[in-house]
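So this first bit is one chain, no partners, the form predicted alone, shown in structure tokens.
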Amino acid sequence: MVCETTTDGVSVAPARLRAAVRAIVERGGSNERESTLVAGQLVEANLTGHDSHGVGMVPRYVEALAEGGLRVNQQLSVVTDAGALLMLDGNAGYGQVMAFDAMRLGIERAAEHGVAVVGLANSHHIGRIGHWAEQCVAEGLVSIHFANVIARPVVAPFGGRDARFVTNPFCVGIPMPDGEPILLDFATSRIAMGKVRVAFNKGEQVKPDTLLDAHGEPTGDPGALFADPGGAILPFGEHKGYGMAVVCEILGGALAGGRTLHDRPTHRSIINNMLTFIVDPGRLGTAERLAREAMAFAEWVRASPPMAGVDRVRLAGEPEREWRAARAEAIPIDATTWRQIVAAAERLGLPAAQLESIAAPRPLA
């Protein structure tokens, strides 16, 4: 029986959601490894509270597949191999595979040389960047990531009135002795584009001073971003976030072997380029100091008396771990997003009843 989606949406157990996404991706022509990596990373984004980068991306991927801008079952091409320096091309393949394999190679080189610099160009959407920092942290390595996005521009420059680049994320992963890393991962825009999409699908407004409409005027309507002509998201921190976006565009794009955004693409594909620095603290000779000083600093910062309305001071990475605990049994998906996922599955020949049999969604109260 097909689940009756309420106006609030559905909830799906993580394992079943992974199986459902895997089934959709397989219908698109992907092999088992690819479909497993794609489904795992997308559901992980939902588990960490980042619905903007989660399973709601599936309909966009299906559109990109239909256009030919996303190619299945691709492998990395090695463009430059200079020991600790690697330049890789993702051949417009699924970013969940390209970034995973790029980080795997970078981790191997960091183990050999103590440091690795990895440029990943021309990969389809690599999703939540923190996922790749976590891959490095799991091996005891520090990583720094600059990424840009080749897609329809959605972010305005500081002082500008229309969109000229995309959300250009920045990420740092730092292993900690207690096993809970510091994981800084953010878009250089006020909010990620996917969060605007989530607000739009839920029929919610965004916070003030977040969006501009097509005329360059402030608006709280997320639909303004998806209109034709569209509006723009503002950079975070005014000139500071804008400056970081520029750095991510040039380093994550051009230095990584890809391109920068200087036109307005009409395709539905999302091409990411990423420049990653990976450092082995042990080889650097500072592992013990890093562990000691990082923990002392963390304890000092957390001891700050919280402001009114805040229960305690947190460090980067803690909110995601709290979301994982809260969503361990079920992940909520708004009604519009769930309908879009079902429609995407049907477009690839996977009937709605079969998808829902796999996912076993339950109506949200």
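Residue numbers run from 1 along the displayed sequence. A quick note: this is a predicted structure, and the numbers were derived from the prediction, not measured.
Absent from the display: the form predicted together with nicotinamide-adenine-dinucleotide. The rest refers to it.
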What is the one choice in Pro169, Gly90, Pro235, Gly252 with a heavy atom within 4.5 Å of nicotinamide-adenine-dinucleotide in the predicted complex? Pro169
Leu183, Leu225, Ala256, Ala245: which sits within 4.5 Å of nicotinamide-adenine-dinucleotide in the predicted complex by any heavy atom? Leu183
Can you check whether Gly40 is within 4.5 Å of nicotinamide-adenine-dinucleotide in the predicted complex, heavy atom basis? no
In the predicted complex, is there a heavy atom of nicotinamide-adenine-dinucleotide that lies within 4.5 Å of any heavy atom of Glu26, even though the partner is absent here? no
Indicate whether Ala335 is a 4.5 Å heavy atom neighbour of nicotinamide-adenine-dinucleotide in the predicted complex. no
Contact with nicotinamide-adenine-dinucleotide in the predicted complex for Gly69, defined as at least one heavy atom pair within 4.5 Å: yes or no? no
Given a 4.5 Å cut-off on heavy atoms, tell me which of 207-215, 74-82, 124-132, 109-117 is the interface stretch with nicotinamide-adenine-dinucleotide in the predicted complex. 124-132
Looking in the predicted complex, is nicotinamide-adenine-dinucleotide within 4.5 angstroms of a heavy atom from every one of His53, Ala316 and Pro319? yes
Contacts from 185-201 to nicotinamide-adenine-dinucleotide in the predicted complex (any heavy atom within 4.5 Å), listed N to C, are Asp185, Phe186, Ala187, Ala192, Lys195
